[in-house]
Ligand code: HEC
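Only one chain is shown below, in structure tokens, and it's the form predicted alone.
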């Protein structure tokens, strides 16, 4: 076979290989067996990043995103009153544990042209805790899968060395981490250097101008403000 024939064939083969690599989805670790040992209380804190766009209350109206009450077991793209993307409408089936697992890891894996501007939860432990909490947001929570082997247990979110992205330990760290990272880089938070009053005004501005869900619990709000003022306040 001449070089004139071999070279085009090689280029075609390389093109096919590159296309396959580009379209390959990263493996997402299964979550079902980990849910029995997941902590819904930890997941509730992680849900703060979801609450920037979603409510999760019986009968609540949709906001930026659909109401997540009864989301586990609900057909995909089935919340009445919400205009889903065509990409998500094409996904069949229900929001079972594994489909939620993939979507929370990276929404684009399930709906490539979807509108959800969320980079995903890459920590398997965090996703397990979060899904365990989503399960509780129901009139009749779905049954948990049977516990698997001991190796299928869920680590504490705090055991992940990359989890907090440089936020120092202290009361309020989890609330600040989950709520802030939903919309922007935590580097912005760490560079501010605001007084407690200025942080308070900033939270109000985020609610009024950016559509952030307000922190309704006064104790949680005070804990967030104390943390921000202590670690990222005025020198």
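This one's a predicted model, so the numbers in the text were calculated from it and none came from an experiment. Residue numbers count along the first chain shown, from 1.
Not pictured, yet referred to below: the form predicted together with heme C (HEC).
Distance criterion of 4.5 Å from any heavy atom to heme C (HEC) in the model of the complex singles out 50 from the list 36, 56, 42, 50. Residue contact check for residue 201: none of its heavy atoms lie within 4.5 Å of heme C (HEC) in the model of the complex. None of the heavy atoms of residue 167 is located within 4.5 Å of heme C (HEC) in the model of the complex. Although the partner is absent here, residue 90 lies well away from heme C (HEC) in the model of the complex, with no heavy atom inside 4.5 Å. Shown alone here, residue 210 lies within 4.5 Å of heme C (HEC) in the model of the complex, counting heavy atoms only.
Taken together, 78, 192 and 228 are fully in contact with heme C (HEC) in the model of the complex: each brings a heavy atom within 4.5 Å.
Residues of 86-108 placing a heavy atom within 4.5 Å of heme C (HEC) in the model of the complex, in sequence order: 88, 95, 100, 103, 104.
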